[in-house]
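Given as structure tokens, the chain that follows is alone and in the form predicted on its own.
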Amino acid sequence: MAPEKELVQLIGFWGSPYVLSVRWALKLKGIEYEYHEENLLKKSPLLLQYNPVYKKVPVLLHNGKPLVESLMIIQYIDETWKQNPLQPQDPYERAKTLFWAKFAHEKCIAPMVSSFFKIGEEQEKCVKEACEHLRTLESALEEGKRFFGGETIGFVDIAAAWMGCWARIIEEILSVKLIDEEKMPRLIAWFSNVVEVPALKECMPPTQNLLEHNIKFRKFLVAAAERLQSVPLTGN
């Protein structure tokens, strides 16, 4: 009897970089999957069923079993499908890889994203924090190497190198500076090396579409904040 075909499904949103990183992992592994585009303003029963806690994308379904959070999904993909490994075989090197992926998400990407939701001094604080940690991330990149772990694309590249594109979008919309080309040349080169990999480049949403989407989103956030501030604070 032939083995039962595995069913892989991805619930995502076209403009989410976290969904993009999962798509990159699936692409490099050569895994076929069904894609379900999510409406984040009117979340589907499918999303609410399989991610009832966070109600966010991405969600990967493997034979009906859900996984959430992009880093954990990528790790699961790499450990489940052995071809084209994304993590080192050596346990110590694998632990270092996970450390830098988490550092990129928690210390670099998180304040970048937070800056998009802030104004004034709070926004400046987030930008400063992101810049400081981006410099630390650059210090972990080896001089002359194409990718984070050397000459082969790997876990950290897939998990975090998309931030270069999104940083430029945030810079343009907020009129701030997150990545200094003169002070962070290795970081700039790394971003470019990853997104220019043909298999990954074809998954990238058009930059102009991302910019237009995030401009609208920023306007929505500002309008919501202004409405909140206009609400009277007096009680009954």
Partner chain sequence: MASEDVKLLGGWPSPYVMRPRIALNIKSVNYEFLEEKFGSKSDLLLKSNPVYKKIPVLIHGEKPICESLIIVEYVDEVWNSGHTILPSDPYDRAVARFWATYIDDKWFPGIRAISRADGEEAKKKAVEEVIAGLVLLEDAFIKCSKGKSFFGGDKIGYLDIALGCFLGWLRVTEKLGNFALLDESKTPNLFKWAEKFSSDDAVKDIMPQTDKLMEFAKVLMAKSKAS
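Residue numbers count along the first chain shown, from 1. For clarity, every value in this text was computed on a predicted model and none was experimentally measured.
Below: the form predicted in complex with its partner chain, not depicted.
> Just one of 67 to 75, 141 to 149, 109 to 117, 157 to 165 has residues with a heavy atom within 4.5 Å of its partner chain in the predicted bound form, so point it out.
Selected stretch: 67 to 75.
> If we define contact as a non-hydrogen atom of the residue within 4.5 angstroms of the partner, is Arg135 a contact of its partner chain in the predicted bound form?
Judged by the heavy-atom cut-off of 4.5 Å, Arg135 is well away from its partner chain in the predicted bound form.
> Within a 4.5 Å heavy atom cut-off, is Val53 in contact with its partner chain in the predicted bound form?
Val53 belongs to the contact set for its partner chain.
> Check whether Lys102 has any heavy atom within 4.5 Å of a heavy atom of its partner chain in the predicted bound form, and answer yes or no.
Taking the distances in the predicted bound form, the answer for Lys102 is yes, it comes within 4.5 Å of its partner chain.
> Mark Glu121 yes when one of its heavy atoms lies within 4.5 Å of a heavy atom of its partner chain in the predicted bound form, and no otherwise.
Although its partner chain is absent here, Glu121 would stay clear of it in the predicted bound form, with no heavy atoms inside 4.5 Å.
> Only counting heavy atoms and a 4.5 Å limit, does any residue of 86 to 103 reach its partner chain in the predicted bound form, and if so which ones?
Going through 86 to 103 in order - heavy atoms within 4.5 Å of its partner chain in the predicted bound form - the hits are Pro91, Tyr92, Arg94, Ala95, Leu98, Phe99, Trp100, Lys102, Phe103.
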